[in-house]
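Listed next as structure tokens is one chain, alone, in the form predicted on its own.
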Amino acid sequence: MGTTASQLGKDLLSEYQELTFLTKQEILLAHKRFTELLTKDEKDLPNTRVSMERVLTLPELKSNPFRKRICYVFSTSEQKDGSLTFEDFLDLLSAFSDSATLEIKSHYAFRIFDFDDDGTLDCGDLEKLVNCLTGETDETRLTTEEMRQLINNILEESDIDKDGTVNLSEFQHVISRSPDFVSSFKIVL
């Protein structure tokens, strides 16, 4: 399903539309924005990867506190370096689109928040999540006691089976009660 970066044929455009939550116009805009990240030499190569550093120059990701995790989660790179192909980029935009379902959005949010990629949100993941949201400066960082209390509150509210972690099902249950989640979990080019 690969594509030459400088062109996007009608058949491929239709295929991408069927496989994502994106409209043809959104796919074309995504292609334009992705191509702008490529060097002159890369534009003629098929299936070019853009480094995470270049992807993070996009204004839509630059200020997102989870920007690096987003790249890692959507990257299909065997080097696990967060680099993205155009199709990885489309997957990312599709999951963050207004048309993506609650199930898709919550699945990817869970993966983004699961910093150690073990399939659960444990105390370490929750601490990193809170630090991403509050900023990791001395002025904004929670004290050890505040962090412990907050994580205990999160687990008390979310950990239905009381195993000390939040699994995907528990996370989706919590998210289903958050009316703002779907509208806030988005990236629009």
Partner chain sequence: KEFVALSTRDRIRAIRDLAMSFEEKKHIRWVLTDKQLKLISFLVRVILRCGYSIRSARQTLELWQGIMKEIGGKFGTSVLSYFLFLKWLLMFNIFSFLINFGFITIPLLVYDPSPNIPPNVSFRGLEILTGAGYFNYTVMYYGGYSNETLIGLVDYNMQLAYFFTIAVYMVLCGIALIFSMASSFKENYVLADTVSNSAWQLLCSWDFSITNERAVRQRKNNLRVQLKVNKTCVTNPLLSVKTKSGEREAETLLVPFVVSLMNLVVPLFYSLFNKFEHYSSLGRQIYALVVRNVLLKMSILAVLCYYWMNVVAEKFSCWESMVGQALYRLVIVDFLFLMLGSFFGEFLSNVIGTRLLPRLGVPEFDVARNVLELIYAQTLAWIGIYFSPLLPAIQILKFFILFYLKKVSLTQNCQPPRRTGRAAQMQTIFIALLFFPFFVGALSIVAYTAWRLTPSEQCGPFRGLNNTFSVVGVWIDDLQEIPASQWVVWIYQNVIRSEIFYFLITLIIIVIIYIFWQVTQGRKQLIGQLRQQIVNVSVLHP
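What you see is a predicted model, and the numbers here were worked out from it, not measured in a lab. Numbering follows the first chain given and starts at 1.
Below, we turn to the form predicted together with the partner chain, even though it does not appear here.
Undergrad: Could you tell me if all three of 25, 177 and 185 have a heavy atom no more than 4.5 Å from the partner chain in the predicted bound form?
TA: Each of the three qualifies.
Undergrad: Please tell me whether any heavy atom belonging to residue 124 falls inside 4.5 Å of a heavy atom of the partner chain, as the geometry stands in the predicted bound form.
TA: Answer no; every heavy atom of residue 124 is more than 4.5 Å from the partner chain in the predicted bound form.
Undergrad: Is there any non-hydrogen atom of residue 101 lying within 4.5 Å of the partner chain in the predicted bound form?
TA: Judged by the heavy-atom cut-off of 4.5 Å, residue 101 is in contact with the partner chain in the predicted bound form.
Undergrad: Answer for residue 144 alone: is it within 4.5 Å of the partner chain in the predicted bound form, judged on heavy atom distances?
TA: Contact check for residue 144: no, nothing within 4.5 Å of the partner chain in the predicted bound form.
Undergrad: At 4.5 Å between heavy atoms, is residue 57 in contact with the partner chain in the predicted bound form?
TA: So residue 57 does not count as contacting the partner chain.
Undergrad: Are there residues in 34-73 with a heavy atom within 4.5 Å of the partner chain in the predicted bound form, and which are they, in order?
TA: In sequence order, 59, 60, 63, 64, 65, 66, 70 come within 4.5 Å of the partner.
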